[in-house]
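Quick setup: the structure tokens below cover two forms of a single protein chain, split into structure 1 and structure 2.
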Structure 1
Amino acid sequence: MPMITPSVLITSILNPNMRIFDIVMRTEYGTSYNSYAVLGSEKVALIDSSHLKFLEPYLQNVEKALGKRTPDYLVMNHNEPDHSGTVAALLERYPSLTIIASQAGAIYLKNITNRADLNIMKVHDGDEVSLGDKTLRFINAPFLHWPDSMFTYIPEEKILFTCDFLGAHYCEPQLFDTCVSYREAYANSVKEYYDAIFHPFAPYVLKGLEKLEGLEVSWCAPSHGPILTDTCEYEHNRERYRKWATPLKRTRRRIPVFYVSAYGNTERLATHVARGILAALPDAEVTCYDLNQHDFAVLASALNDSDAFLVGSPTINRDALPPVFNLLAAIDAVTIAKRPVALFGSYGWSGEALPHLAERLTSLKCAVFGPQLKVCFTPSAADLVAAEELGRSFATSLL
């Protein structure tokens, strides 16, 4: 049976062939659903569970780890179904299990298992549960990456369980970071995983890292990818997260102008809007992006790293166009709140693009600047002056 220490066994499932996770994440190197069993002198705890697709092998791993013992606790550090999918079945097998979760986790679990009668112990930051010679200590870690997230620490073993935090969608037959054969591939997967899962929660990432300061950790056992050891990737991954989550200190404001344009009308407005921004803020970094001419990742990061931004779209079939909505789908919902945005575009007869974009951006909690600049067909000289004026007044509103 694979183990971290003789009392902490590994019940993980390897899924080296997975290529897409949660609909949108590429997982070029597969993934693993990690889970653990802690055998205390008095009590036994399972930590995190597994994906329903792997119920049978997961239950076999648990059985093998426990031998003749039955588990007393199931600690659910986070309840996304890649970890909680097997909870209902686990409870059927071990009906006396007490589930340990955060306040939010307890609510989610009832709806995930569709059982109102779950025996759940809600824990708070710093709470401890004794397994006899081992202690489970809980560390509140909200929004890493769901409101329910927490960490579990065993001081006697110096093992920290972080669920998704510091993990990677990466799978090799060996379970520890010290055995990773393809270091560069692993480093890439850590970055892709961070970008897809944690980038939107950067302020919470910094808070989570702060909580780990000073904690003695020999192994960090996440729920995906290799187990991290203190001498190998644990320190390294924390450093990476710190670097990625720390806001860049900039002296120049970044105000990108995104647009699409079939016949060049909205594009001309974009150019004049940009001119107006620079008239008011000569130091600003103002880049015009035709959404069809740039790599999506470049556009998404220009948008999310902006101080304010503008979106231009013509109206086609009574709406803004798919590339514009695609871009808005890449918005980091947590950090975008209150971000100033202004809208412009050419239309022919009905002009719904701008009100629809305003509605979408308002629902994402952006600060939509008004009034929007709507121009009928070809912009006149006066319309171009109005476009410059939009840029100027929007930029001035940022001061």
Structure 2
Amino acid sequence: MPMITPSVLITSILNPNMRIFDIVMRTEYGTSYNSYAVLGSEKVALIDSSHLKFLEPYLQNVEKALGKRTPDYLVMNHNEPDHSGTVAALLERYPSLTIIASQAGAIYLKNITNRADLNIMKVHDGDEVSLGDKTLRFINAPFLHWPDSMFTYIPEEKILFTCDFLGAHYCEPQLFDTCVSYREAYANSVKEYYDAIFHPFAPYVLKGLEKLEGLEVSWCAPSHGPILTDTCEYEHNRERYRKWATPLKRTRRRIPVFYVSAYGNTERLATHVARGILAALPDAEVTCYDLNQHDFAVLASALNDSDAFLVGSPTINRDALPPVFNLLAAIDAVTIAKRPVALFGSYGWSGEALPHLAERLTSLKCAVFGPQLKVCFTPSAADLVAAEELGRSFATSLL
């Protein structure tokens, strides 16, 4: 049975063939659903559970780890279905099981399991549970990356369980970071994982890292990817997260201009809008992005890291074009609130694209600048002047 220490066994499920996680995350190197069993001298605790689709192999791993013992506690550091999918089955098998969760987690679990009779122990920051010769200490970690998130620390073993925090969608047969064969691939996976999950919660990431200061950690056991050791990736990942979550100090406003253009008309507007922005804010960083000519990750990063942005689209079949809606789908809705945005575009028959985009952006709580600039077919000289004026007035509104 794989283990971290003789008293902390690994009940993880490896899924090297996964290529898409939670609909939107590419997992080129697969993933793992990590869970653990802590065998105390008096009591036993399971740390996190697993995805429902792996129920049978997960239960087999648990039974193998426990031997003849019965678990007393199930610690749910975070209750997303990839971690909580097997909770209901565990309760059927071990009906006396006490679930340990944060207050938010206790609420979620009742809906996840569709049971109102759960025996849940709600814990708060600093609370402890004794297993005899082992102590479970709980560390509140909200929005890393759900409101229910917490960490569990065993001081006697110097093991920290962080659920999604500091993890990665990366799967190799060996379970520890010291055995990773492809270091660059792993590092890339850590970055992609952070960007997809924790980027919107950067202030909470920094608070979470602060809570880890002073803890003696020999092993950090996340719920996805290799187990981290103090001599290998644990410190590296902490520093990576700190770097990525720390706001960049910049003196120039970033105001990207995104557009698509079928016949060059919206593109011409974009060029003149950019000129207007620079006329009002000469020090601004203004880049025009044709959505069909740039990598999507670059576009998403430019949008989410902007101080304000503009979107241009023609109208086809009474709507904006799919590349524009794909871009808006990449918005970090958690952090985009009140972000200024202006809209422009050429149209032929009717021009519904901009109202539809304004509706979508308003629903995301962006600050939509008005009026929008709609130009019928080919921009005239006056239209191009109006485009520059849009850029100028939009930039001036940011002062």
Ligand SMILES: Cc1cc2nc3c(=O)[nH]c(=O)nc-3n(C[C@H](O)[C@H](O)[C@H](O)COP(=O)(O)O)c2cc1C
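This is a predicted model, so every value here is computed, not measured. Residue numbering: sequential along structure 1, first residue numbered 1. The term rigid core refers to the maximal set of C-alpha atoms that superpose within 1.5 Å between the two forms.
Task: Structure, 1 versus 2, that is the form predicted alone - done: Comparing the pair, one sees that structure 2 is the form predicted alone and the remaining one is not.
TODO: Check whether residue 200 and residue 366 fall in the same rigid part when the chain is split into two rigid parts between the two structures.
DONE: Not in the same block.
- [ ] Using C-alpha superpositions, work out the turn of the smaller rigid part against the larger one between the two structures, rounded to whole degrees.
- [x] Rotation between the two rigid parts between the two structures amounts to 11 degrees.
- [ ] Keeping the rigid core fixed, work out how far the Cα of residue 260 travels between the two structures, to one decimal in Å.
- [x] Spelling it out: core superposed, C-alpha of residue 260 shifted, distance 2.3 Å.
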